[in-house]
Structure formats: structure tokens, C-alpha cells
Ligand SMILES: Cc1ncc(COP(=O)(O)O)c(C=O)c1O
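What follows is a single chain, given as C-alpha cells, in the form predicted on its own.
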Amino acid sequence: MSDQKQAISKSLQDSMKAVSEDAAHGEPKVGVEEFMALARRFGFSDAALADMEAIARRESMGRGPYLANYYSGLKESCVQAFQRRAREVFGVKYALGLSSGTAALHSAFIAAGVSAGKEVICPAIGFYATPAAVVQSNGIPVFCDVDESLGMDPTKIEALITPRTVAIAPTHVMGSVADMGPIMEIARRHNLKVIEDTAQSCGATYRGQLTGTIGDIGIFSISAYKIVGGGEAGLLLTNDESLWARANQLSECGGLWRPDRYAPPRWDGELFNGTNYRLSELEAAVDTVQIGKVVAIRNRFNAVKRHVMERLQRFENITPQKLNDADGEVGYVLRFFPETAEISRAIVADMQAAGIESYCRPAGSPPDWHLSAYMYPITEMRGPTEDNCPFQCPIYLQRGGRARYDKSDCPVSVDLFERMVSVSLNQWLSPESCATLAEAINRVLAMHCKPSDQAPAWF
């Protein structure tokens, strides 16, 4: 470099120091105010918050935290840590953190090949998000009736399988577990994928295996109103690399997950248009801790329910919920079915009067999207556009598909849903409190039903 160029370079460097110093005096984009906004969500006292703010203002935050999965500057982002922890807890090869359980469902169905002209068998009891994600994937949900476990009845699956069926989506309902043994046998016999919806039973096991790891893909809702989760997040698990890649492709904006994100496809079908279901760093930071607690939570709930059930009397006109694996269910709710909905409501009224946290469907209840008969966005068969896809999709019609939904299709689900009584359980109850609760339940049930050793056992 010539002397003249060196002088110019030195002059530019000196002038740019002033620019850098100005920039250094600025406040970080995300700083103390944002930190305090998060701290307030934990419910600390005003005095504690004042101490935290004083400490935070003494610290130099530099440019502040970068609260996104990519380019965080950390060896392992919070999302990557969440996924690693999930792989460890569940013993699977691949885990994908997502923005919600619904995002996980959509990603799973796309990964499994759900598309126009294809059908997925879904349970008649379970949240609407499961069949809705099938529709979002341009597929058609076909509802299968349940048995007294409230899970999909395996004896009714094969009658619903057609040449258009590509997957079965059993739901582990409200802390219980679906009967996965026969479901998997049917799926393998017909070469169908199995998508386990474990949103409501995270941590449960079936015959010693964690739910969500039995089928081809398991999905979870990791959220504030589920067993674990701090806000709103989702998780997808699989041992199949190709399914993991396809789920990533949908959820990561059509290719951003790849080592060389903008490169041409590495194999046929690798790249297709996707969307953004990315999990945030703040959510992942909380849920990395939460997911590590799930087995202990399951064990506590399960022990409480067993303590209660062991002390319950048998009663005529009371059928306990069928347990496909009493040792493996989470068990945060005790459920049973009185002979009529009227008896159910009378029992619940007396339980609530006694201080027992319980509920059933009151007379004249509004529709509930946990029952297929009331899932009107699906049963009305209306798509968002004039062509009414996927219900009137030409591809579906050409393949012999004729979507139809009627309340009479799944009569067991309607009957059980109307009669079901649910008693909430707390994982922190002592054995003594469990005994007290069981005795209170016995006394209320005896007011309406006759004790009988010949009646169905609780487990």
C-alpha cells in the first residue's frame, strides 16, 4: 500500500472511532425494561422487583440479548437446548421445537404425506386441533368412535380404512393413554403412518414406552395449560430422519433448517414451500427446564390417582373409565360414567357442595370442540375459498372420496361425553389427603348409587 493510501486509511480509522464511540453509548435494543417486564410475570413483590432493577441497571448489557434461535452467538441456543433435552428425556433421535402443538400437528401430517385426496383417521374425542391440522394439510379427517377409555376404539378402525387412508392419529386424551398395541398392529398391516397426539398426556407411558415415541411421529403441546410448559410451544418427535426433514421443511420457511440453507436440493423432494412455526428463545428457555420435570410430574399424578382409586368403593350404575395402562397414564383426572346424564349432574352438584373439584356437562351445554359432533368448521365441510377444498377437491372426488359427517357416526363418543364425570386431582396430595378425598367421593356416590362388589372395578 502506498504512503498516500496508508494515510487515507489511518484518517478513516480515526474518524470511525468517533462513530463507534457514539454507537457504544446507545441503549441495547432489548435491555433493562424488557428484563423487568419478564420479571413481573413471575409475581415478585415490588420490593424484590426494585432490587432486581437496581442490579440490572448496574450491569452492562452491551447490545443486549438476541432472542431468536439463529445467530444468537451462543454455542447452543435455547431452542437447540430444548430439542436436545427432549431427545434425552424421550430417547429419540430427532426432536423439533415448534411454536405450538397445532404447528407440530400440521408439520407432522405434512411430513407423513397428508395431501389432497388423502384421509386420516382421527378419534371422535380429542381437541379439534387434530382434525383441523389434517384439513390444513388438504386432507380429510375421518372420525373413529371411542371406547370407555375415551381413546380411539381399535376394533372400529379397519372399517374406516380406504385406499385413500395414509395415517391414523390416535389421541392420548386428558392424561390417559390410547390402546397403542392394536392400533400399531393395524397401521403396520395396512402400511399406514401413525401420528400420536400426546398434547394432553405428555410423560405418559404405554407398556413401559413413553407415548409420543410409539408411532412414527409424536406431537406435544408444551404450554401453560398442559402438563408442562410456560406459555405456548410445541414439540415433534421421531426416529425417522426423512420425516424429521419434511417436518423441518414445512416449519422452517421452506429450507432455513439446512446446513447450507440457500443451496439447491440435496435429494429429490427435499425442498418445498413451507411456513414459519419457529419456537422463540424465551419460550424454549423455560420449556427446557419444564420438559426435564415431566417424568416426575407423571409419577406424582399417577401415585395420587392410585392412592385414591385403591380406596374407592364399587357402585351399581357407575362405570369407571377404562385404563389402557393404569401404571403409565398421567392420571391428573379421575373419570367415570354414571348410568345417565341426570345422575352425573346430581353427583357433581353434591361433590361441588362438598368441596370436591369436579365437573360434567350441564344440561343445555353449548357445543364443545373436544367432541367430533360439535366440530362445525369440519362437519359443515366448508373450506376457506369458493372451490371448497379439501372437501370438494377434484383429486379427492376422482379417487372416490365423499366426505360426510353425522352425529350418529360415533354414538359411543356422544353418549360418554354427555355422561362423563371428571374429578380433578392434584399431584401434591399426601397419602392422607388422598384417603380423605376418596372417602368424600365414596360418601357422595353412596347418596346416588348402591355399593356392590359385583360392580366394575376402578382399575
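Given the structure is predicted, the values throughout are model-derived calculations rather than measurements. Residue numbers here begin at 1 and follow the sequence given.
There is also a form predicted together with this ligand; it is not shown, and the following applies to it.
Just to confirm the contact call: exactly one of 272-280, 312-320, 121-129, 87-95 touches this ligand in the predicted bound form at a 4.5 Å heavy atom cutoff, so which is it?
Stretch with heavy atoms near the partner: 121-129.
Considering this ligand in the predicted bound form, which of Ser100, Asn138, Asn324, Thr213 comes within 4.5 Å of it through any heavy atom?
Filtering the options by heavy-atom distance leaves Ser100.
Which pick from Ala178, Ala169, Leu105, Ile217 sits with a heavy atom within 4.5 Å of this ligand in the predicted bound form?
The residue from Ala178, Ala169, Leu105, Ile217 that makes the contact is Leu105.
Does at least one non-hydrogen atom of Ser149 fall within 4.5 angstroms of this ligand in the predicted bound form?
Ser149 lies outside the contact set for this ligand.
Does this ligand get within 4.5 angstroms of any non-hydrogen atom of Leu236 in the predicted bound form?
Contact with this ligand, no.
Taking any heavy atom pair closer than or equal to 4.5 Å as contact, tell me whether Ser223 reaches this ligand in the predicted bound form.
Yes, Ser223 is a contact residue.
Is Ala199 a contact residue for this ligand in the predicted bound form, using a 4.5 Å heavy atom cut-off?
Because a heavy atom of Ala199 falls inside 4.5 Å of this ligand in the predicted bound form, the answer is yes.
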